[in-house]
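A single chain comes next, written as structure tokens; it is the form predicted alone.
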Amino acid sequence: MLTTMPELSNGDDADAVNALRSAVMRLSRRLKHQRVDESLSPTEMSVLGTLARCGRATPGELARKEHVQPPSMTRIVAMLEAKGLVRLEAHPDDRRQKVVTQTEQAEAMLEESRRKRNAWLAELASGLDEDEWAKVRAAAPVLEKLAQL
């Protein structure tokens, strides 16, 4: 594990960080266009994805995971509830709090969204040669770790 930040004054590292940022941003923008439900914002989709990955959570926990302020998450959860994509239930230990869970409708929509995005990305990746694809496969766990930091 790196104990210090990579030295960005090194031209190679600075170039690699710049290329990574640029590529991730472009791919992210293009993936966002492969949506199943255009009525949901990217933030709402992200919250549903977090619930799918992490399970039920309080609005405060979701706010921390999504890096938004709690009042913003309260509004997002209310919109998702109004669309039938999440349920609010009593917290098992603290009756002052609510727990957010996704509905079957949300699960089905997320599955269809993943299928569509995966198919698009697989089609895009078909333009890579075997060596390039092997490098992408090897980099995927590292990129996942970077996304979680």
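Everything numeric here is computed off the predicted structure, so don't read it as measured data. Residue indices: 1-based, along the sequence shown.
Omitted from view is the form predicted together with the DNA, to which the following refers.
This chain is drawn without the DNA; in the model of the complex, the residue among 111, 123, 94, 104 with a heavy atom within 4.5 Å of it is 94.
The candidate spot formed by 41, 75 and 98 lies fully in contact with the DNA in the model of the complex, as each residue has a heavy atom within 4.5 Å of it.
Among residues of the shown chain, residue 31 is not one whose heavy atoms approach the DNA to within 4.5 Å in the model of the complex. Shown alone here, residue 60 lies within 4.5 Å of the DNA in the model of the complex, counting heavy atoms only. Not displayed here, the DNA is kept clear of residue 52 by more than 4.5 Å at the level of heavy atoms in the model of the complex. Although the partner is absent here, residue 68 lies within 4.5 Å of the DNA in the model of the complex, judged by heavy atoms. Between this form and the other one, the CA-CA gap for residue 31 and residue 41 narrows by 3 Å or more, being smaller in the model of the complex.
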